[in-house]
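This document starts with one chain, in the form predicted on its own, laid out as structure tokens.
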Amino acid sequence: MGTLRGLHLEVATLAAGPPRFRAHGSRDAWSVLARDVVANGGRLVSLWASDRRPLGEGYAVNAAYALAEGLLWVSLPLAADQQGYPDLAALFPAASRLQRMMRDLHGLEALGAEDTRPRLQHGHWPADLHPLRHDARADAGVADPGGEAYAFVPVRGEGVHEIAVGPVHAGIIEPGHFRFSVVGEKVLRLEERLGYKHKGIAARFETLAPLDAHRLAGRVSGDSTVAYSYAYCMALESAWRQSAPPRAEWLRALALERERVANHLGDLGALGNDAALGFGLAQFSRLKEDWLRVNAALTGHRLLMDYVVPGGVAREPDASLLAALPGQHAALRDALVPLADIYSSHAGLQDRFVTTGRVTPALAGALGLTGLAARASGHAVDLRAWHPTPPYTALGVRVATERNGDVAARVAVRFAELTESLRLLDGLVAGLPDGPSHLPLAPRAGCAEGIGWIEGWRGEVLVALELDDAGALRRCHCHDPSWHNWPLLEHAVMGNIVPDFPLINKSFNLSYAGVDL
């Protein structure tokens, strides 16, 4: 692999999953490798830190890069008294917020970084407390909330004023603050601030047994429960050098595609409603409800929670239900045809959708947009096709892409992905192999590492595991594609009018919960 430049590389011997590689490097190698990744067209997938001092080591900064050959997980070890590492944001803009998160949670500084503002630290805990350090004080208390205000980037000029929205919203939406700088109705700049829940998920993982923690992974972002639990199980199975049986892999993919369909149905209805087409919301809500009821009958949960488990799936679907699935697929396919025609030809919708919230292919590539939003901006990256694994290797995935990068393009990608998922689901039912759908995993002695990488409905979901000598979870890092896409949403809103923000926001439908760990 030309991007490795002589770094020690350990190739994981995995029975299933995308190609994954492991490397450890020096401070100089860390920066050289990052430049090589850029030069070779690679992407930063995630960035996180680990506290390895209980093992007699120091800290470690970890990066996961997407390369043509697969996923590279590289670590930069730091001495116990060394809390700085070379900045990556100059090469990968998406690294900036991840580095700020690492500073809040571990106290590690990105040397040379331009933006050092807190990301998850909202003044709710003492400034010297870093929750993911192993010596963090559980009784540290709550900081004085009257401290220094967060430094939003100011916009100045004649007629400029700010609109503050949130963090508390109506209904059940997660908290998030949006600061608009506007002239009249035109948005000059948007800056969002998230992470208000302080859920403590990353620390909670360290208290769970590896065979139980998939349930917590599946609750990082509830609309992606299959993707997260699947990625967690892939990581654990790779750490223990085991795999799920073939039938389980096909059933996992079936659940993953059903999750994709459910979310696209919900979003298409909401997008119609945000553009004043209540008919669209009514129709897609009806279709989604029918879909969720079959989910419940098939897996025991409407949202498919706790279905993907280490070693396979939690239950074998009823044979009669499996046999009836192609009929449901056909009915939904038929229902989508007139709805797609209405959405593409309705003058009111097209007036609101076309050119609204545009992200050009060049901007998407420069800032690291990922998932369905990237595919709507001309970047045909989909792990199911790019690094296919069973059963996708047998089925083939036709990647849906558009180039205009606006709300209309993101709507078109959703319709195309619905059609493709229904085709894949037919293939999954028809080709489902015989055999067990679950095999118990045998814990592996000694320290172990594993990483899972899944194309969820929103984009790439990654879970990285570190286990200690006793087999306990030392670190579980969960990465949501929204980390990459929130900055692009801010760019997409610029130049549009304030009333279009809900429409642009829903066209991305990013996760608040997935970036608040």
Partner chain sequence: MLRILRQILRTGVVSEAPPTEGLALEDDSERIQRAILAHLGRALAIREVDAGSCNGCELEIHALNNPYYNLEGLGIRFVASPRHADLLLVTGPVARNMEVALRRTYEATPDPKLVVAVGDCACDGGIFGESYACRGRVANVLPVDVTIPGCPPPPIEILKGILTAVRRVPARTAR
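A quick note: this is a predicted structure, and the numbers were derived from the prediction, not measured. Residue numbers count along the first chain shown, from 1.
Not on display, but discussed next: the form predicted together with its partner chain.
- Partner contacts here mean any heavy atom within 4.5 Å of its partner chain in the predicted complex, and among 88-96, 409-417, 68-76, 335-343 they occur only in 335-343.
- Taking the partner from elsewhere, A138 is found to have a heavy atom lying within 4.5 Å of its partner chain in the predicted complex.
- Its partner chain is not drawn, but in the predicted complex it has no heavy atom within 4.5 Å of P440.
- Remark: L211 does not count among the residues lining its partner chain in the predicted complex, judged by a heavy atom distance of 4.5 Å or less.
- For A323, no non-hydrogen atom is located within 4.5 Å of its partner chain in the predicted complex, even though that partner is not displayed.
- Screening G327, G159, G171, G446 for any heavy atom within 4.5 Å of its partner chain in the predicted complex leaves a single hit, G171.
- Contact with its partner chain in the predicted complex, judged by any heavy atom within 4.5 Å, is made by just one of A282, I163, A331, V183: A282.
- Scanning 289-314 for heavy atoms within 4.5 Å of its partner chain in the predicted complex gives E289, D290, L292, R293, H301, R302, L303, M305 in sequence order.
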